[in-house]
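Below, in structure tokens: the form predicted on its own, a single chain.
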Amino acid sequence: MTVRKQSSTAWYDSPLYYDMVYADYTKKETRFIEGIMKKHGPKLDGPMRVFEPACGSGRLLESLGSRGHVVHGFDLNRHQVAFAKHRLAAKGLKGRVWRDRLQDFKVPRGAAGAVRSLRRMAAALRPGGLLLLGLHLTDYKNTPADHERWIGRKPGIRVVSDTWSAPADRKSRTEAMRTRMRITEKGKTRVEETLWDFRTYSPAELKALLAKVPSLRLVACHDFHYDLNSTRKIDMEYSDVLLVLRKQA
């Protein structure tokens, strides 16, 4: 077994295996996006126009594009961008995918990273357009170490992905993460490990962030079960939240 050197990008440098880990969510997420648009978005005479920042391997771009929607997206990782471009081209789907960073959007000076990103995404939306933002809330009083596992399979390939998170540091508002992908292919197994820090948000911190971008109004809050009929509040009743934000006219 060969262990690849640890890095902060290994998780993203292998788009095929990254894609396998999340493949089971694609259909559910696609239907949820369409349902949210019908419920909260403007009335459309034609297909949706979908713009996905940090689009990764392009699995949602492909899924939505295959259903007739107009899709565009960008990602920082060049391997993910190349993979996404190839998958759209292989299906004969139109859509622009390019390399870019959320932090580099043009917004007023002095804005913090998250505020800057939200303002730039708001500027890219038409009035009535929707921004779907998923994130994990942090309860600083109760942040035990955590572990999650996903398993993905394709003919001849098996990927076991394990992610561990350390207790959140309230002072720095970060959470140390480690993801290890154990990849078995052609009878050989190797391990790719990624180390990085996540920004943390308590319910109060998230509400304060949204208040700094008044052009986006919260119209619904769901969780990662993607159930249109089940809504949430921004509190610690459930840590995984999916915000539906509408661009104000």
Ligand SMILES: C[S@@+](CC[C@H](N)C(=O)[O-])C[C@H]1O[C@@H](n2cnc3c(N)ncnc32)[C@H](O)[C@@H]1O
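Numbers follow the displayed sequence, beginning with 1. Everything numeric in this text was worked out from a predicted model, so none of it was measured.
Missing here is the form predicted together with the named molecule; even so, the following discussion is about that form.
Heavy atoms within 4.5 Å of the named molecule in the predicted bound form are found in one stretch of 155-163, 128-136, 70-78, 141-149, which is 70-78. At the 4.5 Å threshold, heavy atoms of residue 17 stay clear of the named molecule in the predicted bound form, well away from it. Put simply, residue 100 is close to the named molecule in the predicted bound form: some heavy atom of it is within 4.5 Å. In the predicted bound form, no heavy atom of residue 41 sits within 4.5 Å of the named molecule.
Remark: residue 219 does not count among the residues lining the named molecule in the predicted bound form, judged by a heavy atom distance of 4.5 Å or less.
Site annotation in the predicted bound form: the residue of 54, 195, 191, 209 reaching within 4.5 Å of the named molecule with a heavy atom is 54. In summary, among the residues 213, 60, 183, 36, the only one with a non-hydrogen atom within 4.5 Å of the named molecule in the predicted bound form is 60.
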